[in-house]
Each structure stands twice: as structure tokens, then as C-alpha cells.
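The data below hold one chain only, encoded as C-alpha cells and taken in the form predicted on its own.
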Amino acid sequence: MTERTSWAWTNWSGLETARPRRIVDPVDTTEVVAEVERARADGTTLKMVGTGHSFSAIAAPEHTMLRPVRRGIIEVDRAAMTVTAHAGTPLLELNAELERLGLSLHNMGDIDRQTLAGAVSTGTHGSGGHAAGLAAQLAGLELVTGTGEVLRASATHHPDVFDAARVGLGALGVLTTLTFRVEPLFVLEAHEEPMAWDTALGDFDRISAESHHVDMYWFPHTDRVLLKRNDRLDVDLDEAEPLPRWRATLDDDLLSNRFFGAVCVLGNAVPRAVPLINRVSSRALGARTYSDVPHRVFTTERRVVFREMEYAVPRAAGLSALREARAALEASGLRVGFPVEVRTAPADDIALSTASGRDSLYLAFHVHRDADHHAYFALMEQVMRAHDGRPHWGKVHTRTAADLAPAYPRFEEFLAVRDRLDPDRVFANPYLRRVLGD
């Protein structure tokens, strides 16, 4: 075990910082238990951090900060089609190992830099499919509770803990291993095309019903939308047709990162130019079709640092919420350079999942890291709350326990599990006190 006494923690977006009193790199579960027991005895707090990709302060440590050391897959059960991995494994490393094994997750978001523990604990999700969230693809987990107990949970073993800890917000324990349901590696085809606003929204329900996974991006201050459909192909892996190297470099490196980063800087400096910039940007991306193994289609490299708020609203109200968000933005006089991202998710059975008990549509709002997000996010949050929205736990929002409890029918159930697993609030921090109470 390695210990340090001075180090500043900052999340990826630079929005949240902390200076823990102790920094510890435990090499195994026994050392995690020892740190939890020490914090409990001393009356202090402890947080295991990942890569800091949450935009909220959900992982910010107060006293002791643990950092994951062990990575990689521990066990593969091909009969059960499950894979168990260390919880500190980054998602991109898991995807690479699964590909070598001829396996894949069913679904994932478009960023793969998070640790597995961080991704599932905050409710990270993709779009569509029979399970959008990573947590909904879990078959089991192991965590160290606030009393130092090493507890294993699944649908049949401590099911109440399993229902809560899959999206546990880091409030129930330190996740040490996670077991995912997987499937044989398959080929996913992406079809991306620009559309007019009215066409895209008019056809969105039909397209979502016909395709396995659908993402939509609206460019504010324009009538332009980019629609991406991901569909499984019944072909062999060697029949996949990835983007040519030159096209991937042009689209994903030069346009989506270098050019986009430059125009964000320009928009920050000259806000009145943002509508024109968005019109140019929305027309710079043409239609394209390609296919590859899933993680290379689902995920994209994001080198432009941004800040994000995302809300899940009931699926039936989703497009109405999007239209109202557009109307509110246009009436506000604000200038926003980042596209608004639209995704869907089927209902799941996880207590604090944003899709818990209801089919959902997600609306994600972004700004460049150097832009002031407060007025824009506050305006969009007002619209989302009017549609019974639930904020993504790992992204910016202003909600508190008092107004989150009515949004989650199983909120009190989660709190009861928390009281049992962490009675002394070893894992608390200011964010968790705000969203869960003391």
C-alpha cells in the first residue's frame, strides 16, 4: 500500500477540486477494508476516486482518498456468459480485453475513460437496446461496506443491496469487483446523416423503433440535426467495414476535435458569432456509414473539454421537453456552441437509476470548459424539472434530497440500505449530503 499526504484532486472538466488529507493506493481488498475501518474509528470520511470524469463532485474526497490499483478481468464464465473485472478497470481497457476474448458488452455510452465503478455508480448509459445503462448489465458485484464487511450481491444473494448498489453513488461502499453479462462479439453498423429539425423530430419515434440504438444531436440556433443509428449486422467479424483511416482522421480528429475546439474558442470570444458558427459546423458533417466491433462504434474520443448537465425525462414527454428547451433557449438571448444530445433508454429495475421504472429520453446540455454554464444550465434545468426530469448523478445539477425523493419511488428504500451499510457515513461528502441527506 502506497500512502501520500499532499495532493490536489481535480475532475476532468476542471469544475470540481478537493485537497484530501491522505492519499492511499490500496493493492487489494484487505487494504481497502483496513482503510475503511481506520476512517470509521477516526470519525473521518473516505472516497475511492476513478478517472474524475464525473462533472459533479460525487467523487470528491474530504479526508482520505483511495485510488484504484488493480485492473483487468479476473474471471470469464462462458457458460453463464459473464465476465468479472476489478472495479478500477477503465472501460476502454475492459472493452479491449473483451474484444480479444471474442466478447462484448451489450451497450455503452460514447465515452470510455471512466473506471467501471465510476461508470456504473453514476448511472452511465448508452442509447436504446434492451439495457441502456451499464449498471443494468451487471450480474453481480462485490463491495466493502462502511462497517468493513466484504459483501457480494446479485439478484439472488442480498438482492436489496444489488438493487441499490448497481447505481450506488459511492454512498454504500467501495466497489472492488463487478460482474457483467456479456455476449459474443458482434458487428455494429453506424449510419450518420444530417437532417432538418422538423424531419428529425417527426421521424424520431419511428427511427427509434426500427433501429437498435439512436443518438440525435441538435445544433442550437439552427434547424439542423445530426442523427446516428447503430444497428447490429448478421455478418462475420471480418466482414465489418470500418471507416478508412483518412476519413476517420478528417471527421473525428480534424473536424470533431481540432476544428470544433477552435470554433468553441472563437465562440467564447465572440458570442454573437455562435449562431453562424453552429450553422457552418452543422453542415460540415456529412452522411457516412461504417461498421466495426461495438466499442469502436459506440465510443468517440473527446479532446475538447466541456461541462455537462443531463436529464432523463419520461419517454412520452421527451420530444415535448426538447421543443420547450429550444423555445426557452431562443427566447433567452444566450449563445450556446455545443450540440444538445438526445438518447433513449428502456426502463430498468435499479432504485436510483435515472431510468428506474420508466422508459426514458435523455437530454444532455454542454458548454465549453471556458464558457459560463450557470445561466444556460439553470434555464434547461427548469424545463426538465417541469417534465418530471431526473438529473444524471455524475453531471452538473442543483437538486437536493428534498426534491429528488419525489422523483424516485424507491428513494427511501435506497436510504434504508445506506443506513445499514454505512451507518457512520464513512463514504459521505458534500455532494452526497446534498442529494441524499445526512
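Bear in mind that the values here come from a model prediction, so they are computed numbers and not experimental data. A residue's number is simply how far along the shown sequence it sits, counting from 1.
From this point on, the text means the form predicted in complex with a small molecule, which you will not see here.
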Which single stretch, out of 167-175, 259-267, 220-228, 273-281, brings residue heavy atoms within 4.5 Å of the small molecule in the model of the complex? 167-175
Look at the candidate spot formed by 191, 288 and 291 and say whether the small molecule comes within 4.5 Å of a heavy atom in all three of them in the model of the complex. no
Identify which of 87, 214, 363, 329 has a heavy atom within 4.5 Å of the small molecule in the model of the complex; exactly one of them does. 87
Only one of 295, 368, 335, 343 comes within 4.5 Å of the small molecule in the model of the complex by heavy atoms, so just point that one out. 343
Please determine whether residue 353 contacts the small molecule in the model of the complex, using a 4.5 Å cut-off between heavy atoms. no
Is the gap between residue 58 and the small molecule in the model of the complex 4.5 Å or less for some heavy atom pair? yes
Residue 107: heavy atom within 4.5 Å of the small molecule in the model of the complex? no
Might residue 124 be said to contact the small molecule in the model of the complex, defining contact as any heavy atom within 4.5 Å? yes
